[in-house]
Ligand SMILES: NC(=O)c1ccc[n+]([C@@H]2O[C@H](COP(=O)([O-])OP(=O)(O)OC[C@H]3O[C@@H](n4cnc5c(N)ncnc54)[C@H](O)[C@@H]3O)[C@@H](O)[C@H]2O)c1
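Just one chain is shown here, as structure tokens, and it is the form predicted alone.
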């Protein structure tokens, strides 16, 4: 089968690889679509540490082809979205309602038994987040799949596996945006646009989109932003303060992973408000806050992992919001690519062309 392989930092190619059948507790999936997410790029450039070489991809949907021994949650023919975080239901965090922090799978790119199902000739390959969705087929733990209605188009459903769940969940689950509030979103890529949609669904009054690119700000308006701030033209914090009457945003979201922008989001947050860090920064970078003002201003800072979602519960909810017209998934898909066009999809991602690019399989 064809797969997108990251051989080493900043080196990817489409390769013919082999895949083993699923073992106990695993499923085999025929991929239908996978989103081209900035986290994939972060593996390529080393922002997110990963064991290389590996097959990229962690946001996708497909159809179950085979199941291993002991699998009961799905059967062949089921349509599924894959979650890049497992949901074992038994670990410390799952038992406390924090499935987005499930620790059942170590971050090694291997399966539960510590081995891989992917091979390039005689070389073993890892799978990004134990999925490796940028491939025509996937073998992964059954706990990483969520069955969905077969009537839902898999191309748009694939986005729920990461970007949409992270962004909408950041607004609704992590921050718990209240109706009538003011929201600022720094960074209007796929996750940022989903935050904007989540804030709109939650009933925010003003949604201020901040970005350097005019096309991203236009997209933000289309998905629900009431105001836009061009961060390349002056201080975005000052403009947010002007829009909010000098008070600041009730909720400010950082969706890029840049410490300086996190600081801007925190400064743009009103006293007593909430700053939510959604973007993934580099492991060597730090964020600092003034020790005196941290207390006096009474702000809350949240780290947001996977939109604080429970995939089994929240994926169907997000698809329901889409079916009712409240969440625009179709509009998020700006361009589609074949797997052979994956390098071009990553170039377009770096250029900021798409809300979301999606690799669609035959």
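Numbering follows the first chain given and starts at 1. Just so it is clear, the structure is predicted and the values come from calculations on it, not from any experiment.
The form predicted together with the ligand is left out here; the points below concern that form.
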Exercise. Among 61, 327, 37, 27, which has any heavy atom within 4.5 Å of the ligand in the model of the complex?
Worked result: 37
Seminar exercise, completed: Students should find that, of 166, 275, 158, 144, the residue having a non-hydrogen atom no more than 4.5 angstroms from the ligand in the model of the complex is 166
For this session: Decide if the three candidate residues 99, 299 and 315 all line the ligand in the model of the complex, where lining means a heavy atom within 4.5 Å.
Result: no
Problem set entry | Candidate stretches 72 to 80, 102 to 110, 133 to 141, 208 to 216 - the one whose heavy atoms come within 4.5 Å of the ligand in the model of the complex | 208 to 216
For this session: Tell me, yes or no, whether residue 305 is in contact with the ligand in the model of the complex, where a contact means a heavy atom of each within 4.5 Å.
Result: yes
For this session: Spell out, yes or no, whether the shortest heavy atom distance between residue 231 and the ligand in the model of the complex is within 4.5 Å.
Result: yes
Exercise. Do residue 192 and the ligand come within 4.5 Å of each other in the model of the complex, heavy atoms counted?
Worked result: yes
Exercise. Counting only non-hydrogen atoms and a 4.5 angstroms cut-off, does residue 19 reach the ligand in the model of the complex?
Worked result: no
For this session: Quick one: name the residues from 326 to 362 with any non-hydrogen atom within 4.5 angstroms of the ligand in the model of the complex.
Result: 349, 356
